[in-house]
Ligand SMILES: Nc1ncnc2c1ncn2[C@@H]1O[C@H](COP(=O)(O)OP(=O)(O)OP(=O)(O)O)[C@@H](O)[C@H]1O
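Consider the single chain below, provided in structure tokens and representing the form predicted on its own.
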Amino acid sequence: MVDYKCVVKTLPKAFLGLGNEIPGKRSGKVRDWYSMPGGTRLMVTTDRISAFDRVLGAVPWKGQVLNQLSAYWNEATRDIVANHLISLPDPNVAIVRETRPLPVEVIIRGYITGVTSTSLWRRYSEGDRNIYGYDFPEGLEKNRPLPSPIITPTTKAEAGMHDERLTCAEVTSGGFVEPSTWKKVMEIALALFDRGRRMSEKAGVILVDTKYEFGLDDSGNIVLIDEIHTPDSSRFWKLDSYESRLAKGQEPEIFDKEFVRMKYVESGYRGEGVIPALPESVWAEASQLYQRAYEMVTGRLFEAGSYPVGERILENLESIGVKI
């Protein structure tokens, strides 16, 4: 892991993506991708960070953490569901199989937590007992496990728009996903979450909640796509301090992008208007959190890739003969 003081003093220019070096770029909030021959795709994970459905800034080495950690989980869950990953020619790049993405994101929650207007805890604390199609019992406490994990799907919003919450019933009644496929997706998602939670706990991390995305291959088989169990798609808490912090009335110790989101909230920003500037120390600490999450979950030392990332990517692609 890169030393914190070194990061503050020599914070590299974060990787925002390739320019026009490769034609045909399409972009999401964090990833850029390029179609390749043979039904494959070049997926580039940048350092961009999003919250409030907006790209807020960038965290050095974040893209590498997401790309490599997701690859770790893809390998660890291949027996549950096939995934789209073919290879990693660069720390920030994955070559993947193209699929027909399902138009919903599958969010699984294992704990009742959150402070936003759509969070389970916020709505529960305000008196709601039927939330997202589920009936919740009395007596639940913030940041404690739910009786069992629940699935709360959302739509996939276009750029600049907000995801819309769905109940599991609305996924099929609204025509988003065919019923038999949706049943299988839910079974797979719960199995992935159970595997992720058990492996994370052995590593000293609580997998609180997460988001999965799925697609269908040419034969109609379900394939896991995008990312899995990363600090962007998941909420992670440190296990060994969890009980003691809650006993003191403190929030759990986090290892995910919630750290950056809360820094913006503390500055008075909640997604509307001009995005305020945050100190470089925030980005340095966020970089450390991402790297620490990688090391704790995988048990591997994080080996930071060189910057500038764009030049490195092009060199690594050329070295293996990848042509776009």
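All residue numbers are counted from 1 along the displayed sequence. Because the structure is a prediction, the values reported are computed rather than measured.
From this point on, the text means the form predicted together with the named molecule, which you will not see here.
Put simply, residue 99 is close to the named molecule in the model of the complex: some heavy atom of it is within 4.5 Å. In the model of the complex, the named molecule stays beyond 4.5 Å of every heavy atom belonging to residue 270.
Among residues of the shown chain, residue 209 is not one whose heavy atoms approach the named molecule to within 4.5 Å in the model of the complex. In the model of the complex, the named molecule stays beyond 4.5 Å of every heavy atom belonging to residue 131. The partner is not drawn, yet in the model of the complex one stretch among 168-176, 115-123, 189-197, 90-98 has residues with heavy atoms inside 4.5 Å of the named molecule: 90-98.
In summary, among the residues 30, 289, 260, 58, the only one with a non-hydrogen atom within 4.5 Å of the named molecule in the model of the complex is 30. Just one of 245, 238, 156, 184 comes within 4.5 Å of the named molecule in the model of the complex, counting any heavy atom, and that one is 156. In this stretch, 52-90, the one residue having a heavy atom within 4.5 Å of the named molecule in the model of the complex is 84; the partner itself is omitted from this view.
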